[in-house]
Ligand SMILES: Cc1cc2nc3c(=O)[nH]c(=O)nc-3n(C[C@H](O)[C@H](O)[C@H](O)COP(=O)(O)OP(=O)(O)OC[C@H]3O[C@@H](n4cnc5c(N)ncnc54)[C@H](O)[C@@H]3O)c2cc1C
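Just one chain is shown here, as structure tokens, and it is the form predicted alone.
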Amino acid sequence: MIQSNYFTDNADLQEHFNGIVDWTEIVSVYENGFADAAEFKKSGNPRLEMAPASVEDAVQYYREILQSAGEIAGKHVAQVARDIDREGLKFENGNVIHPQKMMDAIQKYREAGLPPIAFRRKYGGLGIPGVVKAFASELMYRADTSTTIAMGSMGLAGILEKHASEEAKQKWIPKLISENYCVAMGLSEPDFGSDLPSIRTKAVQRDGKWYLTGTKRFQTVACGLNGGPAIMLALARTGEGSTGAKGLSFFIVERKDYKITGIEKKLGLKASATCEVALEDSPGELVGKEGYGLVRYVIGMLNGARMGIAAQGVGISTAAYMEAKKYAAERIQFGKPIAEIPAVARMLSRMEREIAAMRSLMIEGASIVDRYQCAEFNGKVTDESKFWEKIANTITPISKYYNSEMCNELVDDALQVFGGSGYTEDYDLARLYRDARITNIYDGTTQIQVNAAIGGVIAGMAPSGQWRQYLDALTKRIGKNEAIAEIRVKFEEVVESWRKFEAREVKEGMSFEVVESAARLVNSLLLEKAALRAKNPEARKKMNHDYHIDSLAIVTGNGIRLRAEA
């Protein structure tokens, strides 16, 4: 893997951070009038010591975090990623053993104070907005997915900030941070993956305490790291004879109270432990209210989870692109670098513009999630924040679907640039190819994401719908653009064609074409929005134009498919 600081060596990412991202807007939303800085001045609470007191302070703080993450990712983790992948995991007597090089890499992240990146300062976290978390995730996923998943698993407990009692927050979150806990999300079971309302794990109450019994499957790092502590946030059925989503509650279960009965042998993510967990009358601590586990808590965390995979897609794609670009410049065939061969140059060009679009979508989705979540956290829910929550519920499944599907395409293209060499384990493309394949499966398959987005797109395109308002605002911001105007017309035709279908099966079968069309239109708008704040917008003009042409072709083709189905 390329050895460098993965924050500073990426020109597009640097341009976003230094100019395209509107930090004044983001900081004002997240910092709530710099309340943490004011509280530190008043109380001297050490957890708030790093709280910024101005936009400039905040941006510098964010920059330092990303420089540190980029340095460790590119100069340390990426350099041992191949060794970590080859060694993989061992399972002995109910214990999972991770490669020592992986543990050493995670220790570097810990020493830099990066694991609590998901939490607010009042609980001991770094206190950074979603956009900065997205940037950091991209950098770390570019280096190695298995290591990043293990290091970042603690962030799953971010759900506690929103739904646990204040007493539970103060008890658990500082402990998770100080003792370097791993956190697993105990949802899936052997017979129920996406069909969560049907899960069978049961929780019963005796003498005022809860006890869980059942089996959980696909539990990432539920084992902890080589003897280190872990918890599982488990969904379980409460109430005698309860059925469906309303009978499910959410619990904290400690590693010492459940057994690891096995780990999966996977195509990729060789050093990421995917565990089967047995709960046998295991003590659990109820999170929030009984019966709200799925309908309120798990559903509420989906937007953040989707954006995490969107960032993963950008990171893996960037790694593949950078490696392919370097190889193409060095590989000489027919007396010249293969990067100068038109067919190869075309692939590299497409990779560059697709990653630019993926990154723009990642940033937009993260900032929109912040707009409503910060309002909720600060007790300032307004009609505007409710609007952004509606948009988030549409753009986050679009982001997850698009960035994971495109990640698979781009890694495949990168391997093609390497030719036969890419098919060997001598280069990192083989590992990236294997690791990329899970992105459009876990945390909700592409088909699940399409199902989650279609309602927001169709209903949102009503004359006064939120999605239409969102698109109109972006269009107004970028001004006249003939290519995007044509895409918008074709997209409207796609929506109208879908609405005319009467059979439910046909609508469900053709939903992908609608959501893909929505994604291409949004990305074209976001690329033009980025160009408005870029230092050299002309440099983006050709890339954006080529993306718009791709989008127009795809949306037009989707319209043809829908009309043919009528």
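What you see is a predicted model, and the numbers here were worked out from it, not measured in a lab. Note that residue numbering begins at 1 and tracks the sequence as displayed.
There is another form of this protein, the form predicted in complex with the ligand, and it is not shown here; the text below is about that form.
Exactly one of the stretches 438 to 446, 103 to 111, 417 to 425, 173 to 181 approaches the ligand in the predicted complex with heavy atoms within 4.5 Å, and it is 438 to 446.
Among residues of the shown chain, I84 is not one whose heavy atoms approach the ligand to within 4.5 Å in the predicted complex. Shown alone here, K246 lies farther than 4.5 Å from the ligand in the predicted complex, counting heavy atoms only. Contact check for K75: every heavy atom lies farther than 4.5 Å from the ligand in the predicted complex.
Residue contact with the ligand in the predicted complex: T274 places a heavy atom within 4.5 Å of it.
When you look in the predicted complex, the only residue of P397, P116, G224, G186 with a non-hydrogen atom within 4.5 Å of the ligand is G186. For the options N393, Q466, T220, T238, the one in contact with the ligand in the predicted complex, meaning a heavy atom within 4.5 Å, is T220. Contacts between stretch 245 to 267 and the ligand, counted in the predicted complex as any heavy atom lying within 4.5 Å, involve K266 alone.
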